[in-house]
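Quick heads-up: it's one chain on its own, the form predicted on its own, in structure tokens.
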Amino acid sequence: MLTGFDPRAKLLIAFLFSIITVLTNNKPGLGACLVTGLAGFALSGLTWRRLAPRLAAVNFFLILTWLTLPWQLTGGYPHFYPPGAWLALLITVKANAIFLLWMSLLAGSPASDLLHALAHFHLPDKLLALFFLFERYIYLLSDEYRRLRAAMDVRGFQPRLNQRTLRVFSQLAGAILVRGFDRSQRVYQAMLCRGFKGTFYLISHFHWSGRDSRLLLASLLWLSALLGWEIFA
């Protein structure tokens, strides 16, 4: 299980793995990166039921690469283009490997712990504040959407593929943005009244343990092997 480790170690491992995976272009190295992501998933305690919708969302956007890169117009007709297909395969494998490891390492850590860990890496205070507020208010906007949709359903609205439905959903999006803006103004004024100056101060701190060091050391050794495989293969 990877949930009990220090978020700083997990963030560093995920970041380094992403860089090495992006740099890897040979088939054995790509396979090793994908196996690493699957191994992380196996150790994370996550279930396929929880992971599948998120993995499907990632691969939905990758479909566009398969619809464009493997084809080349010759004489006005599309023809199969092997280098483009290889590039599409590279993007797909890399994206899935990176996503699997990030989900495996960070799924068990609350967003507040991840932001706390990022603060230890000395990211700008404004960027951390932006991350924190985004994580907080994305759920509030989601709740606002559900309330408005419930009000629409009570009034008998049934979405169809017509102009009226598009107009109603555009009004719904506008209402969410307006209400979100009004709430952000109220929250900002409340924060100023409480002495907010653009920095979220850290009160509690993480405690690095021996098991965190062992995880980081083992991961660095494996990542070094992946990098050496790409360089010398």
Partner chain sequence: MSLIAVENLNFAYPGRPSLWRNLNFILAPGQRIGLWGSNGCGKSTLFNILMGLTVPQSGQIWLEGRLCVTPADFARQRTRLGYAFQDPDDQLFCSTVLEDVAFGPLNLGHSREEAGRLSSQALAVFGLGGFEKRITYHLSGGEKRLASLAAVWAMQPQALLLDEPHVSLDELGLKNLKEALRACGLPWLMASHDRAFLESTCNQIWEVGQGEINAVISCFT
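Keep in mind that what you see is a predicted model, and the values were worked out from it rather than measured. Residue numbers count along the first chain shown, from 1.
There is another form of the same protein, the form predicted in complex with its partner chain; it is not shown, and what comes next is about it.
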Within 4.5 Å of its partner chain in the predicted bound form, heavy atom basis, the matching stretch of 72 to 80, 88 to 96, 128 to 136, 155 to 163 is 128 to 136
Checking 60, 181, 201, 48 against its partner chain in the predicted bound form, the residue with a non-hydrogen atom inside 4.5 angstroms turns out to be 201
None of 171, 189, 26, 68 but one has a heavy atom within 4.5 Å of its partner chain in the predicted bound form; the exception is 189
- Query: Taking 4.5 angstroms as the cut-off for heavy atoms, does residue 208 touch its partner chain in the predicted bound form?
  - Reply: no
Within a 4.5 Å heavy atom cut-off, is residue 167 in contact with its partner chain in the predicted bound form? no
| Does residue 193 reach its partner chain in the predicted bound form if we count a contact as any heavy atom within 4.5 Å? | yes
Quiz prompt | 4.5 Å heavy atom contact, residue 122 and its partner chain in the predicted bound form | solution = no
Of the residues spanning 109 to 130, the ones with some heavy atom within 4.5 Å of its partner chain in the predicted bound form are 112, 116
